[in-house]
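A lone chain, given as structure tokens: the form predicted alone.
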């Protein structure tokens, strides 16, 4: 813990009295942000970084980031998914900069050091002149822990992270629903956006918030509030389960086929995995939102869209069209989101609070889909994890 953070922590703790009333400086303070990286992103948590569909064959790889740490994922010859810090073990250059591809080996462009896709050191020019105690096994790529659920691949840097099922808790089943149970998904594309908002402001308002923001909800008759709500302790994962409403053409869209439901699985799901991943399954769209902080006030979100391996070409084409127009950063439903994230961020230095009121005070088992109270499970955990709660608090 830095001295800068400790000074801030004491001040914030005096204002952070309850998880329903958030001091806004937690969204804009640089020392808090740096501490969050250590406690959440490099601490004992699991982070979704890819779906197995993004590594479709042995030898496939994907590069990504865990906050500020570059990561490379590989699918080795024995069909095992491995994860490493994407940094040459020699002088630290970024080893692979392609977003994805197929490779049995990775060569650092700086001094031509060569590594297998299992992370092992293979060789380097001038090997005979290396220091006498040079040991090849000391120069493998730095591995990360890897776990998988319904094809969704998680990584963790911390050996103290619990097993993945314990981390997911009751969110495991809705998450598998989003992966169509068997996890045999097919990647159909990406959209990427950078929001001008702190990572917590992003995940607190996405993937779910009250539908009042979106005119399309009313115009397309997609009002919610009738679904089942699941929240988990201690991490505060949040899941919303509901059945889709079939769209009845009301003349609002010239071509309503983009939002037609052509499948047979009418389960709809919204899952927020802490600390910062959103997953949605709605109509024929399956979307994983891989997010990472780019600083205290910027968050990058890579929207990955999927179909199923057994989809017909016609159905897959429909999924692509619907994914492109419905729930991405410029979709019918979510196009207003970026503006509201930005407006939330713009007030974070005014010394005030962000407050939760709807549903607060009701018993937990009576919370409904649109109640803000469901967000407070996460904030209770956050408050404790960051040392803002009084010692011995029951939060989190």
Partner chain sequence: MVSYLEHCRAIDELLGLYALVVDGQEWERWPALFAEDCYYAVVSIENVEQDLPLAYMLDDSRERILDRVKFVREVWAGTVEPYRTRHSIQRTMTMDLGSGVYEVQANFLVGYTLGDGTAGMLAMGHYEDQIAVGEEGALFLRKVVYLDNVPPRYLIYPL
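Owing to the predicted nature of the structure, the values given are computational and were not obtained by experimental measurement. Residue numbers count along the first chain shown, from 1.
The same protein also exists as the form predicted together with the partner chain; that form is not shown, yet it is the one meant from here on.
Within 4.5 Å of any heavy atom of the partner chain in the model of the complex lies no heavy atom of residue 249. The partner chain is not shown here, and in the model of the complex it never comes within 4.5 Å of any heavy atom of residue 66. Proximity of residue 329 to the partner chain in the model of the complex: non-hydrogen atoms within 4.5 Å are present.
Using a 4.5 angstroms threshold between heavy atoms, residue 336 counts as touching the partner chain in the model of the complex. Remark: of stretches 173 to 181, 151 to 159, 99 to 107, 231 to 239, the one touching the partner chain in the model of the complex is 99 to 107 (heavy atom within 4.5 Å). Among 358, 34, 355, 343, the residue placing a heavy atom within 4.5 Å of the partner chain in the model of the complex is 343. Checking 189, 125, 143, 92 against the partner chain in the model of the complex, a heavy atom within 4.5 Å turns up for just one residue: 189.
Along 301 to 321, a non-hydrogen atom within 4.5 Å of the partner chain in the model of the complex is carried by 305, 320, 321, in order along the sequence.
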